[in-house]
Every structure is written in structure tokens, then in C-alpha cells.
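Before any questions on how it binds or moves, here is one chain, the form predicted on its own, in C-alpha cells.
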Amino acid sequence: MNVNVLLEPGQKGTCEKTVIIIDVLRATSSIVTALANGASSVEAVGSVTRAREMKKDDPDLVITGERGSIRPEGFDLGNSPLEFTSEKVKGKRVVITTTNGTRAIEKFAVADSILLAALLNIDAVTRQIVDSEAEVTVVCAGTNGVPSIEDVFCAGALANGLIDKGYVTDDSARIALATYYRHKEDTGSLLKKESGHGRYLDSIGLGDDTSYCAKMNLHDLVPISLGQRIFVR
């Protein structure tokens, strides 16, 4: 069984039938949190315009997301996972659009199965992959076409759990593993000090997001994407 890693979505490489999308800062962390707090589903869309059109058609939708890490005008929530409280999302259909994460989800929508991972749920994703014995490709969303250390670290955490079960890694997965081994004792420092995007979020007053997204295994669930719709089985 193989685990392959794409350090950013444009990297060439083998694409297995099961794809894991990672955007630690912050799309997959926000989606995991929304579903953990009772959202009925989350729909990932590629544009701000599309999210607004969906809200116009269905005013009960909660539209969320960011451009340049800032909430677009007229959106109910931004892309801060701390905003996705049960009071705001429980029982609701949530729509999200982000600069990197939701675009990665769209790009790999042809895969037979798409799972979403963050540090918040990495053990749950690992267990599901092991139980299914699936060949997997892990896609790091990155930031504007450049690999992000927090996504690579998360991919390494996943690969670490799989190699113990007999999975074979490619070179990119071994890069991710090396990143994981180097930083696994202090994820908070990794996201706040080593991550360029983490430092940027801190500079615009969103440092609490990086602290939250650095938490390992806060939620025991695995978001599954079918087309645009993301839910928990």
C-alpha cells in the first residue's frame, strides 16, 4: 500500500483513488470544527461570487470564507475556526470559499474519495485510512502555489501513522515525515514562528487561530467530500 504526498496542489505525482486534502491554516481546520459543532454539511465553492449567489437563493445558508485572510463583504463568517461555534452553525448548511483550501478540494473532486485532514483530526483520518486499506495521495493546499510548512507537517503526521501499518512512502512523503519528526514536540511554535502564513495571521490579529489550529486530535471525526458537499458519515 502506498502513501504519496503532493507538497502543493500543482506538484506532479501519482494520484490515488483516495485523496486527503490538508489546509491547516485554515480551511480544513474550519470545516472540521463546523462539522464537530453540528453543521449539517459544508459546501466548498471556488469563488466569492458563487457563495453570494447561493446565499441569495437560500437565505438560511451560512456563507463563510476569506480572501487575503479577510472575511468578504456580506459573508456571515470568515475563515476563523473559532467563529464556527455551535450557536452559529448547528443544524445549518455552511458554504465556504477560501484562497487555497477549497480550490484544492475542487481540483481533486474527480477522486473516488476525498477526506479532509487537519491537526485537529489527524488520528481519526489515519485510523479510517488504515481500516479501509486504501492507497492514498495526500495533497497539501499550500499558500498561493507554495508549500506551507504546517500542511507538510500534517502530511508527515499522517504518513507516520501509516508507515507503522506497512504503507510505503514516496520521496515527498519522506520530506513530510522529516518535517513532522523535527517539529512534533511543539506544534504551537511551528504554526506561530516557523509558518509564514501563521506569522501573517498573527500580524493581522488572528493569532488565536494559529493556537487553535495547532491542537492535535481535538475532534474525532473525518469530513468526507462528495462533489462540493462535505459531511461526516
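Throughout, we count residues from 1 along the sequence that is shown. Quick caveat, the model's predicted, so the values are computed rather than measured.
Another form, the form predicted together with another copy of the chain, is not on view; read the next lines as being about it.
Against another copy of the chain in the predicted complex, the set I149, R182 and G196 is in full contact: each member has a heavy atom within 4.5 Å. Put simply, R174 is close to another copy of the chain in the predicted complex: some heavy atom of it is within 4.5 Å.
Residue contact check for Q11: one or more of its heavy atoms lie within 4.5 Å of another copy of the chain in the predicted complex. Of the heavy atoms in N144, some are within 4.5 Å of another copy of the chain in the predicted complex. Residue contact with another copy of the chain in the predicted complex: A178 places a heavy atom within 4.5 Å of it. Of the candidate stretches 202 to 210, 46 to 54, 59 to 67, 164 to 172, only 164 to 172 has residues whose heavy atoms lie within 4.5 Å of another copy of the chain in the predicted complex.
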